[in-house]
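Shown here is one chain on its own, the form predicted on its own, set out as structure tokens.
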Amino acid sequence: MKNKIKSSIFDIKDLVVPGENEQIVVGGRDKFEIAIEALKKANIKKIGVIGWGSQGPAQSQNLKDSLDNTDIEVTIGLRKGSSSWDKVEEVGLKVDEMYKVLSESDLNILLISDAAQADNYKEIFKNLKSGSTLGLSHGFLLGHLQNVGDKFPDDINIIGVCPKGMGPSVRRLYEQGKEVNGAGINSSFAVEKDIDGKATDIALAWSILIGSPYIFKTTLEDEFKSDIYGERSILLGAVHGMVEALYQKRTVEEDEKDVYRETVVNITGPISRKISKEGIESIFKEFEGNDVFYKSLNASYKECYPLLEEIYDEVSSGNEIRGVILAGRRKQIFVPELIDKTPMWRVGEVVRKSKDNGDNYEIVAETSGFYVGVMMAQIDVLKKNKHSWSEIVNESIIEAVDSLNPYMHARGIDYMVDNCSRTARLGSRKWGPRFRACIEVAIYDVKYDEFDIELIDRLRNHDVHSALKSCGELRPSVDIFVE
């Protein structure tokens, strides 16, 4: 069995998906004591959380709350003079100089930015205690090491726990989970190096203690490929380019606020909620026999599939990681303007402030077709490259409709593009215009007047629907609350 999980501490369950079944570990607050015992058996007495960006506040506060009344310490590691120092102390967490924390901790969770990891990894490795465990929440550093021909130290465990959502979502669902057991953001976990046979149990304990309702196994390499690919595609870049193309087309004849509701708001609100609750197949059922939906689906899938293959190739080859590193070196020269200055996103600000923000609107056939077409094309590219169903479903569907889209619904896609991580922001700005161009071709090309019924049937009966149903039963037990 691919991605078989081996643990003598945690219960492992089968996940029924098409083809060879997978395995998962179910989390929940009733598993906290087991997770704490697993850390104690692995001699984890001090946990260092390095960095205070998106994931840092969420994971460290969740760990502190979960480890309350134990003798396992959580300390935040920051550079001296960091502007975040006071913020850490305000929430009641212990904070110390980064390299001191690294040298003293049994488990270090490295949550500084991707570019900072690439710039400082040699000094970070030098300060790690022999026999300790280094935890990552993204495989970016592995990709960078592959690019430069370097490797992780031989005398430490290397693990990954990668929540399938933004840091604020990780924190919010954990807090909601105080009332509803199991509420939280799903995580993948990876074991890159296991020097003492304890790496898997450490990773699973970490996953459970930050609130993951279920955890599936991946590799750091698969994780960085699917994650970086996803944020350039349906998670951010594709939806950014898509809505701009649809908005431009429809404002020729319609009121701009209505168009914004029928495109942007429709995706981040009603369409996402329907997929979240009922799966992608519910969209197919909603528009059974609807030519507008079929034409949009057909056109977006066929126009965007080659682009999605190109993006995957650029990510898997290391080119996108190289681009992030190079951009970091250029940041003192060029700082991109915020996209919220353009007229479309100013309209969005007006719509969000109004009482009629489109929440109760019916889902739009054309918008649904374009969105689902790109999502299905992304799924097919990942499956072609042999990613597991649990990873595909979480990275391409659940993370979109249960984590990122609710935030974009409340604050705008432009807000997300302008305020996400540098890696995601660069990817969206680079590939968003390419998706916009593809969708514009799909809208105006003569092929849009017809559709391939065999493609429609294949997508309607796709294996992803049963995979999503299995994974969806383990989705967060409460909806993400966004202020």
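Quick caveat: nothing in here was measured; it's all calculated off a predicted structure. For the two forms, the rigid core is made up of the largest set of C-alpha atoms that agree within 1.5 Å on superposition. Residue numbers here begin at 1 and follow the sequence given.
There is also a form predicted in complex with a further copy of the same chain; it is not shown, and the following applies to it.
Engineer: Using a 4.5 Å cut on heavy atoms, which of 452, 65, 418, 440 is close to a further copy of the same chain in the predicted complex?
Structural biologist: By the 4.5 Å heavy-atom cutoff, the listed residue in contact is 440.
Engineer: From the list 342, 146, 354, 282, which entry has a heavy atom within 4.5 Å of a further copy of the same chain in the predicted complex?
Structural biologist: Exactly one residue meets the criterion: 342.
Engineer: Using a 4.5 Å heavy atom cut-off, which of 189 to 197, 135 to 143, 313 to 321, 231 to 239 contacts a further copy of the same chain in the predicted complex?
Structural biologist: Going by heavy atoms within 4.5 Å, the stretch is 313 to 321.
Engineer: Taking a further copy of the same chain as it sits in the predicted complex, is residue 307 in contact with it (heavy atom to heavy atom, 4.5 Å or less)?
Structural biologist: So residue 307 counts as contacting a further copy of the same chain.
Engineer: Using 4.5 Å between non-hydrogen atoms, is residue 338 touching a further copy of the same chain in the predicted complex?
Structural biologist: Yes, residue 338 is a contact residue.
Engineer: Taking a further copy of the same chain as it sits in the predicted complex, is residue 82 in contact with it (heavy atom to heavy atom, 4.5 Å or less)?
Structural biologist: Looking in the predicted complex, residue contacts with a further copy of the same chain do not include residue 82, since no heavy atom lies within 4.5 Å.
Engineer: Please run the contact check for residue 422 against a further copy of the same chain in the predicted complex: heavy atoms, 4.5 angstroms, yes or no?
Structural biologist: Because no heavy atom of residue 422 falls inside 4.5 Å of a further copy of the same chain in the predicted complex, the answer is no.
Engineer: Given a 4.5 Å distance limit between heavy atoms, list every residue of 421 to 445 close to a further copy of the same chain in the predicted complex, or none if there are none.
Structural biologist: Those in contact are 429, 430, 433, 434, 436, 437, 438, 440, 441, 444, 445.
Engineer: On a rigid core superposition, would residue 253 pass a 2 Å threshold for CA movement between the shown form and the other one?
Structural biologist: Yes, because once the rigid core is superposed, the C-alpha of residue 253 moves 2 Å or more between the shown form and the other one.
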